[in-house]
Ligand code: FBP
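In structure tokens, one chain follows: the form predicted alone.
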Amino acid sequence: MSTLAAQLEQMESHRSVFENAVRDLPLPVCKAFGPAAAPQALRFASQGEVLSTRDSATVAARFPQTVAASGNAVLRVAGPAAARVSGKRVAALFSGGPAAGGHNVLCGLKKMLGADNTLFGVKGGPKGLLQGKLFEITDADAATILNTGGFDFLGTDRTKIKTAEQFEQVKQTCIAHNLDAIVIIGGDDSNTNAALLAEFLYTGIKADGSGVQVIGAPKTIDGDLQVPGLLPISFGFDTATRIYAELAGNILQDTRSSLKYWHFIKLMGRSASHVTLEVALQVKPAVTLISEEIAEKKLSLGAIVEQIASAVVDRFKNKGLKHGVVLVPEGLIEFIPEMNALIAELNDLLAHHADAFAALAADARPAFVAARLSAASAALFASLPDYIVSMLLAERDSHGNLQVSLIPTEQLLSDMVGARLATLAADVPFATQHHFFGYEGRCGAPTLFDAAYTYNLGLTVGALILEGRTGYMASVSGLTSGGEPLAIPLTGLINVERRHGKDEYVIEKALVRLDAPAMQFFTGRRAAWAADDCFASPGPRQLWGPAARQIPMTVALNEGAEALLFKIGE
């Protein structure tokens, strides 16, 4: 075997030149933790900052033990811990979709727990917790996964622990493995589940009558788990948006090179447009749709089409430009009022006529549905192309929701814009391409920001466990001013929401606020971006180099930062 062939074989199984190098990348830690090589445990205390929601009284009745213990007060660092705790047995799991940086949460947690405590990984997410699939995470494991992307070390799933039987299964797992704490690394639903588990496991689990602690860590590339002033962003968002921005920037460069295509790009983010807004700020495309703005302004599908068509015409008439890029949020279709009303009717109709609908041939289903819709929804339904109709009638997900990621909204918009241009300005060239960027961004190697952020989140989780806290979500704020570990009471974020005919306890998703600085900056610049080619290519994400320490632009603007650089540990 040649020397080169041997080298190439050695690069298999996560041992590429890049992966080997990132494992050695030093990560800054918040000053509160002391030296990075030997971070110290912390003591947390309330400074009188109490969280509440519109349903706080109802939540307190449902979570009496954890609310009484936390008082829904935010905890900030009060100094180093008085003594080092030992003997803790902690299990950590991933829940929901992957997000870059999850492995570093485990590494930071392992580092904080140290040799005197034991960290277990749970294979297969919440389902693995129910089944007791635990194994000990070693120092060698942590060294292998440090700064690497994906959730493949543990795996993940979307099981929600809700039933009495499931709660009992968790209890038995805790007893069987003599656990002192569980760490749930996930999004808003997963952290809601963490709050429910914290209440259930509060007392009476172990032989001495004590309970099992539960701590959450904020994960989702959608960026819709935020708490102003306390949780600036969820991890994975920066990596995903930097990947999407690189791809979108490449396409924008191509439009200026080939001079003939309008590219419609759908970006992941069902419930909020944070991803789309961040990518827009990074690449400056001709048109960007923000779902929350469309809902606020009650724009119809026709009005959105008119907006895009006008941009196409104006760019050609004023500058001779036959190209451009349109960014479309994944969940846009549910924010258009008339489409939202249609989807709601369809959901109800399909639920009530499930057997009759299922018995029909595929080509007979649209007529069956149209005959049972309101007049306005029936008219809209009839105006939609067949490929959209088939998706609207497709099987719902496990939660009864329309699978919006499968709906080619980007193609619908480009087709409707093309039809509108045929009557508005037939002389304007309009050739199109379509893209959906989603899974490409979830498992990449974390940016330096996400790598450092998640490692410090892991340290914070560990410090909270060592102090005996439960029912909190770890956070790191002050990202451009040194970094501050803190703990957010989960019950202080929970509301009651009607889902599937019953009340559910939920942490509401954080939507794009139209009055937020990031959105205000965007609205102030988008006219210029529409008028001419103002695009910028951010290039690939950097772990070394001039853009390595950049934080998300939306975060910098919304946090009132003076620059784009994070300064954890400075």
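Residue indices: 1-based, along the sequence shown. Everything quoted here is computed from the prediction, not taken from an experiment.
The same protein also exists as the form predicted in complex with the named molecule; that form is not shown, yet it is the one meant from here on.
- Contact between residue 132 and the named molecule in the predicted bound form is not found at the 4.5 Å heavy atom cutoff.
- Contact check for residue 270: a heavy atom falls within 4.5 Å of the named molecule in the predicted bound form.
- In the predicted bound form, the named molecule sits beyond 4.5 Å of every heavy atom of residue 274.
- The named molecule in the predicted bound form is approached by residue 442, whose closest heavy atom lies within 4.5 angstroms of it.
- In short, of 115 to 123, 254 to 262, 312 to 320, 219 to 227 it is 219 to 227 that has heavy atoms within 4.5 Å of the named molecule in the predicted bound form.
- A single residue from the set 173, 477, 405, 433 has any heavy atom within 4.5 angstroms of the named molecule in the predicted bound form; that residue is 405.
- When the named molecule is considered in the predicted bound form, only one residue from 96, 232, 149, 492 comes within 4.5 Å through any heavy atom, namely 96.
- No residues of 291 to 328 lie near the named molecule in the predicted bound form, the criterion being any heavy atom within 4.5 Å.
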